[in-house]
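Shown here is one chain on its own, the form predicted on its own, set out as structure tokens.
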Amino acid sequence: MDDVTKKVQTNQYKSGFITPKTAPYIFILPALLLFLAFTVYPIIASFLLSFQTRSGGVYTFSGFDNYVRLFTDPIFYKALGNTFIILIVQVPIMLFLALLLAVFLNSKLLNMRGFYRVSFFTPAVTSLVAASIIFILLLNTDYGLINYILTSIGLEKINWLTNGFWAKASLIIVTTWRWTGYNMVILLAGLQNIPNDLYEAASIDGASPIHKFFHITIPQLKPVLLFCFVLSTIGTFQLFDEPYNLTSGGPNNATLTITYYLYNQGFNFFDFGYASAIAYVIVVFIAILSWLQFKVVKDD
């Protein structure tokens, strides 16, 4: 291409709307418009809706009425308590299992590591509806495999999905089954980033595998563990599919989570103003937990 042609093309670009400076903005414009329409606008609209109540089919501004109602609502506290119980019990158990699996699958002595990694990660990508049907069959009081095994060894049947305590336990089991592999993959990536020199130096000093685990693996993995902890905490606050499919929030609201309560208010009772207020309370909880995470890991 000669200089004359280049000069003509350059002049054409400069005179048109598309120039080297504007081209990047034009390319990202469709994505930006979709982001504004389907993310930013719903966030703002939901926030404004949280200050409105529906009367006669018309939403009117009601100030902080929805928030005042929320903090005097016993079912909201019930749902919040259920969510915290599941969080406190399930997240530590899941992360402990994920860490054990990650260490196990990181061993160079293990054969077929790829097969095991895919097997443990599969629940994270499995359709939750299909998984819920399987767990409903497994946990059936009269015909479920779990109760069959329990009675075979002389134990009593358990009302897994109709007893408040065991319904929560069932949710914890299903949630742990689903997300342990997901956290395992994150921890496995963290393990593979630990310099092998540290382990070799510890071996020269005569450190046992247990000493290496507690004095090298855990400290080096601390930021990843905290990341998984916060991610799992946020996920628990958004827990909806499992109680919806397995127990419908029952019995007697024993498995009603805060997100499921939001769904009920919005899409069963069409009280979108109150549902929006619940959503922003969840946002506040998640923001506080994220802030705590940053405070804990700031030194790392």
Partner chain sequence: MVVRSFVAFILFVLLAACGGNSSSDGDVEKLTIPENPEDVEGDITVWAWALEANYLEKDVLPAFQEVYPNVDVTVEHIGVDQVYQKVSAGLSSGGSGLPDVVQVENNRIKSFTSEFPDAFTNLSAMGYDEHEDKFADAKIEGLKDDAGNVVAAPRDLGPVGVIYRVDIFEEARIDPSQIETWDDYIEAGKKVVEQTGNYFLGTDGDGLLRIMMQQQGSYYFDEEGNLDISSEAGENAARILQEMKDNDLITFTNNWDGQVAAMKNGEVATNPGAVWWSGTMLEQMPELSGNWDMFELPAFEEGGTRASNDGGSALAIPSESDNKIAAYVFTEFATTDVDAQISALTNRGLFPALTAAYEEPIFSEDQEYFNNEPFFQKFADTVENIPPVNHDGAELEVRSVMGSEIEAFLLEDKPAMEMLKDGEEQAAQQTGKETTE
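Residue numbers count along the first chain shown, from 1. Definition used throughout: the rigid core is the maximal C-alpha set that superposes within 1.5 Å between two forms. The structure presented is a predicted model; accordingly, all values stated were derived computationally and were not measured.
Just so you know, the form predicted in complex with its partner chain exists too; it's not on screen, but the next bit is about it.
Among heavy atoms of F64, none comes within 4.5 Å of its partner chain in the predicted bound form. At the 4.5 Å threshold, heavy atoms of P74 reach its partner chain in the predicted bound form. In the predicted bound form, its partner chain stays beyond 4.5 Å of every heavy atom belonging to W291. Though the partner is left out of this view, Q265 does reach within 4.5 Å of its partner chain in the predicted bound form, counting heavy atoms only. No residue of the trio I85, F104 and S208 has any heavy atom within 4.5 Å of its partner chain in the predicted bound form. Heavy atoms closer than or equal to 4.5 Å to its partner chain in the predicted bound form belong, across 142-168, to the residues Y143, L161, T162, ordered by sequence position. A displacement of 2 angstroms or greater separates the C-alpha positions of A23 between the shown form and the other one, with the rigid core held in common.
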